[in-house]
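Form predicted alone, single chain, as structure tokens, below.
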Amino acid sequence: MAHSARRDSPELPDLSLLKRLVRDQLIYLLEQQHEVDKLYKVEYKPISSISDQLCFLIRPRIPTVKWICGKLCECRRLPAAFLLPAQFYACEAVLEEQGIFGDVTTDEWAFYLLPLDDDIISLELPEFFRDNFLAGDQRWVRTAGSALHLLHSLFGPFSKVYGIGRCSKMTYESWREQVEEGDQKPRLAEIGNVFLIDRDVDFVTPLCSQVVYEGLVDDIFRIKCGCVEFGTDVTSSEKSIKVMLNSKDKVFNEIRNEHFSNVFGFLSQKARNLQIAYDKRQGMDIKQMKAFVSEELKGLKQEHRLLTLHISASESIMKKKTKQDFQELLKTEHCLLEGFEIRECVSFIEEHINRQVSMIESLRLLCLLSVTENGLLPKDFRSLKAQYLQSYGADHLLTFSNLKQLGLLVEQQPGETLTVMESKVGKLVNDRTAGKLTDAFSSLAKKSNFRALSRKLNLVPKSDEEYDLRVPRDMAYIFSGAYVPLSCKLIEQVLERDGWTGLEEVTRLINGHEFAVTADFKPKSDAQRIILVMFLGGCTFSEISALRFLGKEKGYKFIVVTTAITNSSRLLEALLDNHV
């Protein structure tokens, strides 16, 4: 079952400091600066407050600002104040357009990081992915750099910074500018190494079905800000219930990284252990019973409640996945990852589209086929596109354009076979060492080159033995032994090599923008084994589970910082034509 950590693993820094900083700053802004006495959640419904003056704590999102402007004009309650994590000209333009710019004030609340758990921090910017990678809007790069600067000021300095991707490079440069502008106070380093990675470096991983428990809960129930709402099918009552999912939930903490096939066995054993603990009451005298009630009973009842909830959630997941023919879906995904039986996979996807099983699921399978095969054959592309538009509507034409722009769903060009692509990469490597940039670089733009990367990094483990998911031997366990996530494999390789040396051809296949910077000081040994990984564009719970496994194997502790938690549905929904 659960993989035991090495005894020499370092302790993680205390991330609760981030919560205290944000809370104290917010209290000061609300109470001292704006004299706020009551808080309401901003929802798209009539404003319930009767106060003459209103203060809105919002993200700088144009639809939200427009809605608030409309409500303020309706109820004639001006002036008002806006508190934003970052002040953008676009929001001010909306206020001016609505004719209330002079009646409102704006203030900046420097909220960058939300700790979701002991090793997960989120910027809670789901729009980062679409804005940066699709629209080319780089306004959030400064926010990401500021978040890194905050971590550096609290837990730095960092001894080594690695990165790959254009956005990572810009974020690093933004952070360095802020470091040079500010006062650099000497601190004891608590985090040694930092790794920045763009989401478009690895699209295959978020497109795969998640099979670790936490990932499945996110796919089925949608975890938001570390909280999940279980419906009536889980609670077995008329009310839904919201639950915080983090390491404080003892039951969840032990199964979150487990492959789902192991979860029921663990929960059954947990139930038996709990019953044994309850049975200890039998034969107790009054003194022992009093001690049991005061010291153990409350904890046992809480554990019993959580255990019941997770058993019900697991049963609900099983029912939904069985209904979707999950095993056949996984088999198709594994064939796509391995490059086997591609015609059968295309037939499966066609059937999935024509049965209208799920708009997003069909799109996910199309994208996974395209990314793993370096594009679809022209006849397959035309046929599958036509069938999808007939099944789900011609208004998805713009969605196909968005996917093509990101390289998620493209048509193979004549002659662009894998061998040709690899020869161009080889030419690019040779030319670059001679100090030249050739047209081979531009021809590689928006190409996945997954097969070549898979062979060079051994992303699809080859083994005649059956993969034992109860005793995982590598990070591939998060995908049933079929695939090691590219993002996590890159991190492992760079840490092993202490840089990108020896990975030159791999970085060219990914389109480069890699960098490695070493500081001129030596941190304490424990700090060297604390690795901060920053995902720009989103990170999946499967990747977090893989990094936890890697940390336990190698004696590291990983802190994952992400612009938002993502999965296949969120990733593709952000690219739909009707996305606002």
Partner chain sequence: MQAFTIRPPPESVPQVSRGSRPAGLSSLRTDRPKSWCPVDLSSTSWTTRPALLWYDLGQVSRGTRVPHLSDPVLMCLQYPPGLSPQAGSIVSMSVSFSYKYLALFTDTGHLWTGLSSLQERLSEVDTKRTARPKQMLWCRRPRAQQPSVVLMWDRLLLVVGACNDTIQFPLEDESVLVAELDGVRIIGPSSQELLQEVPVVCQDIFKIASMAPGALLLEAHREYEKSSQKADEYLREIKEQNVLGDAVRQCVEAAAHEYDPDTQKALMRAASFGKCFLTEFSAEEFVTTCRELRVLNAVRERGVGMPLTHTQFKQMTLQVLIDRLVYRQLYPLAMEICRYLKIPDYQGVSRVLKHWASCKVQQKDLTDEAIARAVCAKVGDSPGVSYSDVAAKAYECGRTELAIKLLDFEARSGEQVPLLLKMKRSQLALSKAVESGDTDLVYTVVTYLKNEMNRGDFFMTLRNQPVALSLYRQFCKLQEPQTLKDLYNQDDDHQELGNFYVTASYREKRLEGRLSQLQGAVDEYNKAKNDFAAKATEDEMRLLRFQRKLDDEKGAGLLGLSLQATMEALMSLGLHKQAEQLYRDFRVPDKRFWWLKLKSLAEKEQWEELEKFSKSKKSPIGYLAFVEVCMKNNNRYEAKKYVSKVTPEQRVKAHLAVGDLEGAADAAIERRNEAEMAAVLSRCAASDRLVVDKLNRARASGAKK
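Residue numbers count along the first chain shown, from 1. Because the structure is a prediction, the values reported are computed rather than measured.
Below, we turn to the form predicted together with the partner chain, even though it does not appear here.
In the model of the complex, which of the stretches 469-477, 263-271, 399-407, 369-377 has residues with heavy atoms within 4.5 Å of the partner chain?
Partner-contacting stretch among the options: 399-407.
Check each of 319, 280, 142, 456 and return the one that places a heavy atom within 4.5 angstroms of the partner chain in the model of the complex.
Only one option qualifies, and that one is 142.
Have a look at 315, 229, 505, 137 for me and say which one sits with a heavy atom within 4.5 Å of the partner chain in the model of the complex.
Filtering the options by heavy-atom distance leaves 137.
Wondering, does residue 239 line up within 4.5 Å of the partner chain in the model of the complex on heavy atoms?
Judged by the heavy-atom cut-off of 4.5 Å, residue 239 is well away from the partner chain in the model of the complex.
Might residue 353 be said to contact the partner chain in the model of the complex, defining contact as any heavy atom within 4.5 Å?
Contact check for residue 353: yes, within 4.5 Å of the partner chain in the model of the complex.
Within 4.5 Å, heavy atoms only: does residue 387 come near the partner chain in the model of the complex?
Close contact exists here: in the model of the complex, residue 387 approaches the partner chain to within 4.5 Å, heavy atoms only.
Residue 94 versus the partner chain, in the model of the complex: is there a non-hydrogen atom within 4.5 Å?
So residue 94 counts as contacting the partner chain.
Using heavy atoms only and a 4.5 Å cut-off, decide whether all three of 299, 449 and 553 touch the partner chain in the model of the complex.
None of them does, since no heavy atom lies within 4.5 Å of the partner.
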